[in-house]
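Next up: a single chain in structure tokens, the form predicted on its own.
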């Protein structure tokens, strides 16, 4: 079950699962059956949204019944136009019959008012209305609803027959529009490319949390944690820390900032498995990686930068060209494949990492603003 999906230009996060919907329909069927006793009702579905609800309801209904449809429309995009039009009319006489309207969702009540208007002159024996979803916060009409499956807040939802500009009807679960999207950026590049410098500038501009795997590793090492001791044994030889250690450290850091506007991931992910783990972890929270921004710098320039940095950083892996070259080899054999992973998803953005700090920052800002 995917936690986040994209339809057209918008993202939606998982809201109601199929099992909960199925239980709600069972309850509606039971209520209608108890009320109608031995009558043979005419169930009328409101197209297009109710077709899946209608089909599942009818299959569960154990007594004789008739079925018909009427099509009304009041939505454009993600908001109601407030004007309801009958598009397809009824094809049978309903005089003296008990009619049960099956609606997918009732929000403002404009469609419901039109339904009552349509059936007023048809001399039905009794008119009842059942809706799978009901939004009480925005219901504006003094009209009766007989059966309600699930009451929900005023959220724009898709799935189980409901759509966003005709997409999403076939989803078995229901998703709600994401209005609080985080901005999650992976800052990518070989050691010495300037990721830390740029992350410090960008985090303030976009109010993001900067998560540097190097800083996280060093804190764990300084605190002599179990994960820190494992990380140290690899870092001292210029090798990548195992995925399982890195992932657990990063998950812990993200969970410390539950109200963050987003994150800049610096030095993570470094492998395909890490990227997949990050996608899965963010997906559980209804979030995604918005883009990977790669600072691209020739290797000889990087070696010079790191040797210079090693004069003050005190890091053993910054003071030996041999260890630096090992790190570059690790990067090329294990990390550079991430470019393809994010390119396939339309999320890879390469930036020239040679130039003034301000020039590079401006190039990154242009990318982020367009993500």
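Numbering follows the first chain given and starts at 1. Note that the structure is predicted; figures quoted are calculated from it, not measured.
Although it is not shown, the form predicted together with a small molecule is what the next lines describe.
Enquirer: If we define contact as a non-hydrogen atom of the residue within 4.5 angstroms of the partner, is residue 164 a contact of the small molecule in the predicted complex?
Expert: Although the small molecule is absent here, residue 164 would stay clear of it in the predicted complex, with no heavy atoms inside 4.5 Å.
Enquirer: If you check in the predicted complex, is residue 110 within 4.5 Å of the small molecule, heavy atoms only?
Expert: It does not: once the small molecule is placed as it appears in the predicted complex, residue 110 has no heavy atom within 4.5 Å of it.
Enquirer: Is residue 117 one of the residues lying within 4.5 Å of the small molecule in the predicted complex, judged by heavy atom distances?
Expert: Answer no; every heavy atom of residue 117 is more than 4.5 Å from the small molecule in the predicted complex.
Enquirer: Check residue 305 for me: does it contact the small molecule in the predicted complex (non-hydrogen atoms, 4.5 angstroms)?
Expert: Heavy-atom contact with the small molecule at 4.5 Å: absent for residue 305.
Enquirer: Given a 4.5 Å cut-off on heavy atoms, tell me which of 282 to 290, 133 to 141, 231 to 239, 94 to 102 is the interface stretch with the small molecule in the predicted complex.
Expert: Stretch with heavy atoms near the partner: 231 to 239.
Enquirer: Exactly one residue in 175, 160, 268, 263 has a non-hydrogen atom within 4.5 Å of the small molecule in the predicted complex; which is it?
Expert: Selected option: 268.
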